[in-house]
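Encoded as structure tokens, the following chain is the form predicted on its own, with no partner shown.
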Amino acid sequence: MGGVTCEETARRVAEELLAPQAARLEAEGAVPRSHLDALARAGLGRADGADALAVLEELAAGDLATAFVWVQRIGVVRWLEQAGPAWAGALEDLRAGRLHAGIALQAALRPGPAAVVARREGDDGAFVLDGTVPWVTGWGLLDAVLLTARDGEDVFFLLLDARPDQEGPTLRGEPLDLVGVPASRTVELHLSGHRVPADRLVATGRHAALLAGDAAGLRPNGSLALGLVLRCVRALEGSPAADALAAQLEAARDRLDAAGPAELPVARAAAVELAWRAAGTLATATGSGAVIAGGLAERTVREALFLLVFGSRPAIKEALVASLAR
């Protein structure tokens, strides 16, 4: 990027492309694929580690719906990196932006019965899937979705074709009417005897072991909350409130970065609570205009509400409820 950091590039794209179009796209109900293509052309698909987290913050500050679709790819990259040379081509396509992919792991990784079950059928060992994925983001925008399905304690990670022409009797996305990020094209995905070739198997695991390691993957979603706080800081620039929120933002980021798996749920909860308070601060400072639909403050409050429950886990929810009730 010629000396320009990923974070600086993300801020430019967010300010020039995402933020100016956010209200219109929300009204229309759809992030366009051209947004994802623009992020890829800017080289943001190759950001990793701390750079990827900084990119997410900037994108969320500009438009949370686009950032919410973009964040899905982080989990896909992580699993493809671990999957070995057979998936090297798909991984490179994903980083270069030739492939856009989402993720739906909680269908089989959450505690209790699996939302999606799998059985192997036929001489080719294909997987046949039945069930409902309660939450798939970017439907209609993506080429593929990394989905988990279970057969007893065995968990299969399968990269499903997810292009619009794949919908039919065995695969159907039902749009969810979200109060926040409605343009994210989030659906409830129904599978009924949906057949997936054996060569789309990315990884396997045991349910109990995967569930125990779930907290390790919680960090990226925290950047969405931090991005919302960053938006409020910039909107309130020059005020004492902006200075106070900026200091709290830095502390929340440091806490997330330093947290191990055991501390991450509470650190995530703290970041989300900060986003909720920052949105309330922006609404209060804006005044009566904050209750008129379509404004920045009004949209930010709805998005903060969304983040209170998005990507939650029992430990995150417990920490949030306890903190908010104080």
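The first residue of the sequence shown is number 1, and the count goes up from there. Because the structure is predicted, anything quoted here is derived from the model rather than measured.
In what follows, reference is made to the form predicted together with a small molecule, a form of this protein that is not presented.
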Residue 68: touches the small molecule in the predicted bound form, heavy atom cutoff 4.5 angstroms
yes
With a cut-off of 4.5 Å between heavy atoms, is residue 106 one of the residues that contacts the small molecule in the predicted bound form?
yes
With the cut-off set at 4.5 Å between non-hydrogen atoms, does residue 214 touch the small molecule in the predicted bound form?
yes
So, in the predicted bound form, is residue 111 in contact with the small molecule at a 4.5 angstroms heavy atom limit?
yes
Look at the stretches 223-231, 96-104, 246-254, 119-127 and give the one with heavy atoms within 4.5 Å of the small molecule in the predicted bound form.
96-104
